[in-house]
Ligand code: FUB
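Below, in structure tokens: the form predicted on its own, a single chain.
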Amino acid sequence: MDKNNFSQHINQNRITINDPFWSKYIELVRDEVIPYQYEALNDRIDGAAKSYCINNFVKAGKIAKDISNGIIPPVYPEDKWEYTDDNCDKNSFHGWVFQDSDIYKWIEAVGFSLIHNPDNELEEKADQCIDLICNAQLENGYLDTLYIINDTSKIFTNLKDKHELYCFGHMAEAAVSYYNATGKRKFLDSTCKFADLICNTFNDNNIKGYPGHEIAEMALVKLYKATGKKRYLDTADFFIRQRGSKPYYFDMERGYDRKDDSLDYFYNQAHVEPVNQDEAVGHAVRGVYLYSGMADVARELVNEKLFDACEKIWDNIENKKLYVTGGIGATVDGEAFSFNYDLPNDLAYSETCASIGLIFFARRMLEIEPNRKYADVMERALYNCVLSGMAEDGKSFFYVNPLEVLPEASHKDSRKRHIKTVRQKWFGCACCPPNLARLICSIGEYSFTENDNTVFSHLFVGGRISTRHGEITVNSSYLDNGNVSFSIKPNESFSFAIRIPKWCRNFSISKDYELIDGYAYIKIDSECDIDVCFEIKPRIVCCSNLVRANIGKACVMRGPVVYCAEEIDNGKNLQLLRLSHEKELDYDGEFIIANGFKEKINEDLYYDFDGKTKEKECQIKLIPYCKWGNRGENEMTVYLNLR
């Protein structure tokens, strides 16, 4: 862990995106997704699951006012994961226990969007939401609508399950984003008031608990960077140090007296102290949120042991638990990481939020150690699993991102009912849509980092970047033809480091360079242009033969983009297709056409094999994985039998 290698991402307000690929997504989020999600949060989408989010803050605001006036509010049960019209009083909290976080993620996306696209009407809506949020805050700083509405006596009594600290984490990230965009302090000050209460409540002299669902760790570090208040960093470190220590805090808060190793704590990554963890386990989103916070704290406190744990966990994910699409979390049971090399295609969970969290983790590891392995995974997740989570019109979403879909199985097989065959208008548990919006709106912050000596180019997103070393203009046709050009106007000498993706077999750079850990370092002394050309062509990719689901199979990629076959292009029974490895793959600017064979259907359930396979030659049309499911319900597969 070399402090000289540490870098910091370049903030969104110093980046202007002008990219043929990403600009359309940013505009889609601004013009369609953010307004659509605002309507969803207000329960105004016909046919969509109710959010209840805004209404909860309205209720909580009235109760907070009553409490401040000495009026004791009614008490309702707080014993559920989800509160619906059918199972609770109409005046109680509604929705999932973490429902507050949806509005926070929406505000965070709004903040990122407003930086480069001022919108008075949108800002006014956000201000109104912030007023609702602040009105719901108790005088001591506490803010979680579940407990304010239902029972304030139970505050911080079930850290394992009830998500108070998780909701705070999203609140903090939203507050920093909105403050950076508008300069308005109301939301930031409200968040700091809650953060101060948390710091006073959780420490070595008081409650020795930690979040059930992680994110507060990295959010506290972000709040520390925004305010300079070191107690926020100290509390993030405290949460990480306490996690997994024995006796288990989650047992103590529930009055359990267990003598075993509480294997169920793998779900919460609380089975051992984070510094001693070496494998990604449990709920995948919780996991990568924790690992991101661990990386943040390791960097800020130069904690070698904690960084070593992050590296071991990263290597386990990258080399044994990562889908080719950049998805993580192989099993619906616990929405969790499975065992090593267990990567089923048709049962995959691969939650959109999990890949987004993996991108958070990757960027933080890059800020500690500039190694292309982190950026390669970040790119893979971004172009495939993440973008798959949203329809091309920005108005429907996938929570789960499988690699193989048979609609009949999803409808009739209970093991596969988590696999949706068409994107959904909204979810009661709606973590993924606003998570997508905030990531896409801040894509620039994942593209570049810098330190005292070097500017690093991790993702090849076109635009203008203002760094401490000078101005950089990027023109990118990366996905079209592999070409990226940089125009640099330095105000001092520095090194410019360009990632050379592992997938790229051949490349050229118009300047002399030194290749270190997958980055081409170029000395910049004066104004110059740098032209980079990555050879980008379709290729056949296989995975380890320890992945039982894919023995004898392969997928097709072009650059970082994974391709898939759909029924609408190739007919039913995609399992009968066989990809030929002996002929070239043709790319027509959008689709890949592969030569292959289609086996003739045999309806005999069993038959004696005569050594021959009845098949005919065919062409297999492949589309980018992120685009599947936009043309109606049909079969889809990423992996094809290899001939």
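No experiment lies behind these values; they were computed from the predicted model shown. When you see a residue number, it is the position in the sequence shown, counting from 1.
Although it is not shown, the form predicted in complex with ligand FUB is what the next lines describe.
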- Which of His469, His94, Arg299, Arg286 has a heavy atom within 4.5 Å of ligand FUB in the model of the complex? Arg286
- Partner-contacting position among Phe194, Tyr446, Phe486, Tyr399 - heavy atom within 4.5 Å of ligand FUB in the model of the complex: Tyr399
- Query: Out of 161-169, 541-549, 186-194, 416-424, where are the residues with a heavy atom within 4.5 Å of ligand FUB in the model of the complex?
  - Reply: 161-169
- Task: May I ask you to state whether Phe507 is within 4.5 Å of ligand FUB in the model of the complex, using heavy atom distances?
- Result: no
- Item | Touches ligand FUB in the model of the complex: Glu335 (any heavy atom, 4.5 Å) | yes
- Query: Is there a heavy atom of Cys431 no more than 4.5 Å from a heavy atom of ligand FUB in the model of the complex?
  - Reply: yes
- Message: Contact with ligand FUB in the model of the complex for Arg438, defined as at least one heavy atom pair within 4.5 Å: yes or no?
- Response: no
- Taking ligand FUB as it sits in the model of the complex, which residues of 403-423 have a non-hydrogen atom within 4.5 Å of it? Please list them. none
